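Taken one at a time, structure 1 and structure 2 that follow are two forms of one protein chain, written as structure tokens.
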Structure 1
């Protein structure tokens, strides 16, 4: 009989009166990619934090690794062969590949022996070879592609585990969240290779196409309990979504309304930034316009240039006859222009503050310096916004850092969309959000457009762009290379134009 890589039984966890996990069992075999799925707030993050010793479980839980019972709460998870690779990867941008590979392992130093950089380089080359990565050890992290970074993070985790354990359990928590479709495929293929080499792999993702492509087994959590469990070859996206929501989702995308023919109100001419080169376009009220391209081509920079978050090098962005470029961020916000950034942890939320403090930031910008804050009013408006956007738990006085990543994204959206902006600039608005919440968020975006808001969306989710946008501009090497609309606006055509295969795209 094959020994299970990981076996968890009777796992429970409560926070006050909130039951985050309720009698959860999970078994992952060696050589298996086991997908752990669920809506934001379903208990996935809590389970991972118990596995890594961040939280102690409630009494009665049992955990075994490779047949050996492990005392809980867990200490030093890497000593037991467990490594978690989060979506932010934990790499240091200004350090080299070699330095990042050794930083968690003390660079192989011994008590009285100095670091041997010759040995470190040999170890580094061997680690990169083991994950199929051919890059210069002296390269800085910020010079690497997203897929290379994700692969490097896996190699580093593998080194740490090798020093303490013979068997490995890898937990990959949304490793493809910030990756393009092409880079995601590379990371998913690497995940398969790691499992085939004998490790037990837990894959957490909201990208269901990736899950059905790679998972051997799937466990779905809902409200802290196991809602369903099935083999990967028995899975389809509809079954997964039904299990996640506890109901059928009749449509993946909201209905797209056709805006009435009106004059353009946002007119962009010669927009130039670090990657964007003299871009021209116009958008009318009620239009949803998408921008797509491969990572680094410049499409993701356009919302930030218009919002003033990234200084423009040249050009013009006129809204209702008023120039936006060169104005302060506050002046642009006061013009009813809102930017929802793609990196919520860095740019979107204040994680150490309360949910109500984050959600009230825009409203409180008009507060007089010496005037007292009306906390009851702030709490009431925050509660209403959290309910409208489906933030779970609906607790205005929780720190934002206590919410799951998807619920943090909902808080960002609620903050910027609360005042019904006239221009809504979005960078990957549904990143890290589950299927049910994704539909709700896209429905709010489409509803805003139906009321006359100008909407710009930069995204690598081509299927999403094809289903909610009226037009999609393709950006290649900083310039607009194509515009797709009508019957030509399909995810396949977006992908082909983004790749530059114009013959296939017609």
Structure 2
């Protein structure tokens, strides 16, 4: 009856009393890149998880693929030609890169036929090359940076697409959240190619520049309902944001205060890790210093090294005259140094524990391990932290895993920014956070700096770095290749230098 690639009607999903999706209709035509947008917690990932059979929808929903009715809840999504990159990527932590590349396609072998490892390796290398990733196939996923993981997940999805000539529904749930502008451009190009070959593509992102660049159609969700739909070429960021938030957003970025010139308090000399090599810099109180670079260049390693989360191989990082390197995480926290890690599922929170248990973990250090917990106080302070950081729903007794991706990230920020640290080390701090909440979070970071906190932020979001930082260092091949400040600090310049293009942007 119809040639529409994917057609969903009347889709609803409740979690207990919470209506995550409410009577949603969505049609994605073949050849179309369809952006699914919405505030944190608006139901995007829930829709994706229903499309892969992770959740069963409420009764009454209908789903058609290429005109054929599909039984819900869905089983075996690949057999229906649905390929998905989930928000948490779905890589197997303690298996190797090579093994992960193979799992979804049965290692190119039938169930009990032997796997040809030589062929697997060749395919693996070629896939990694096609996404511009230079890592050892034997590395464990555990050791990869968030950007490397995201790129790997992409390579794997690409394999799945290559191996099936039929048309696909390709769903990408925030694949670019951890990526720099160039790397996400590659993702966007891949989506375009896949769509042009006749597949239907659903793309979820909070980075609106990418969305307006690639989307043919846009559907905006708000509180689980479709709030607006429009064609890609009618969309501008303002309109999208208004539809997402249901209100006007006056500014994307907070005003940064210029710190009074004072002596540096954080002095880093010869810092050497797995990627960075002998890096020197100094930061004064109140300064926000950015680190940018392409995937694997080492910029994202710097906050981890200073926080002692990855052991440094050499160098020194003096804060207030005290050496930070070589100390335990515990000692570093006691110096009031906070790391907001980029890999929130692994390093940021324990998703199976309650929000308040995660938030109270740092607080608990101040009491004896066997002294009674003050549960009502804990609920109270969690509630206020959740309100301050705009976590929705404001439920201290929910498991962290029950929150949407963006709200989980806010919980991580709340955990580490709660007792006003003196040094704030941030890795991709606003990953997965929607435009409205991003302003609030950045505002809190700028506020902290205005009160004298030293802020270091590693990010692939160049526009954000250009707007909140006082200085940005470019990291190439493990070394600081440039520093941008003042009028030279623009996102275009960061991009140029990150790619090693030394001309100034006009």
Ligand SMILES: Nc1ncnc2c1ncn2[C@@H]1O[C@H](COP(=O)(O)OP(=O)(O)OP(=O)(O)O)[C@@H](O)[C@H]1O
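All of these numbers come straight from a predicted model, not from anything done at the bench. Residue numbers count along the first chain shown, from 1. In this text, rigid core is short for the largest set of C-alphas that superpose within 1.5 Å between two forms.
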Selected structure - criterion: the form predicted together with the ligand: 2
Core-superposed C-alpha of residue 26 shifting 2 Å or more between structures 1 and 2: no
Large Cα move at residue 149 between structures 1 and 2, threshold 2 Å, rigid core: yes
Rigid core superposed: residue 87 CA moves 2 Å or more between structures 1 and 2: yes
Between structures 1 and 2, C-alpha offset at residue 97 (rigid core aligned, Å): 7.3
Rigid core fit between structures 1 and 2: Cα deviation of residue 139 in angstrom: 10.2
